[in-house]
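The data below hold one chain only, encoded as structure tokens and taken in the form predicted alone.
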Amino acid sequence: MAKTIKVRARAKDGVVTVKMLISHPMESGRRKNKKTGKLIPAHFIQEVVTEHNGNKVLVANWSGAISKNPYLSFKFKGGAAGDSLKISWVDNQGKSDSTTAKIK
């Protein structure tokens, strides 16, 4: 599977800012195909987890209400340049992806 997560993480004064972009169709299951008129099946990310040096710093539970190719930004304390982050997601069809990044 091609990597679907792009991440940037920067530390400043003990606070880490994480910005990520996830490539995913994020279908709610309520939209119709314009040609056939049939509903497009639901296909959305259910959970996003970010770990800093093995400790969870973010767990986000999502639904079909999140837009296509979601962007997520958050901050946490206690990280430093060179520390590692692991970001992973799982969708409602059982597909998943993860990546690691170093804090700059």
Partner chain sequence: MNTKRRLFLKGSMAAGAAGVAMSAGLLTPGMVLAAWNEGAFKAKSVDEALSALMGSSSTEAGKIKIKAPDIAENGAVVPVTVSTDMGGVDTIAILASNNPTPLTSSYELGEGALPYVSTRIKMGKTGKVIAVVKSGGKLYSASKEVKVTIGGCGG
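Residue numbers count along the first chain shown, from 1. What you see is a predicted model; the values in this text were computed from it and never measured.
Below, we turn to the form predicted in complex with its partner chain, even though it does not appear here.
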Check, residue by residue, if L58, S63 and G94 all come within 4.5 Å of its partner chain in the predicted complex, counting heavy atoms only.
-> yes
Would K34 count as a contact of its partner chain in the predicted complex, using a 4.5 angstroms cut-off between non-hydrogen atoms?
-> yes
Can you check whether L21 is within 4.5 Å of its partner chain in the predicted complex, heavy atom basis?
-> yes
Does any heavy atom of S73 come within 4.5 Å of a heavy atom of its partner chain in the predicted complex?
-> yes
Is there a heavy atom of V90 lying 4.5 Å or less from a heavy atom of its partner chain in the predicted complex?
-> yes
Residue by residue through 37 to 56, tell me which have a non-hydrogen atom within 4.5 angstroms of its partner chain in the predicted complex.
-> F44, Q46, E47, N55, K56
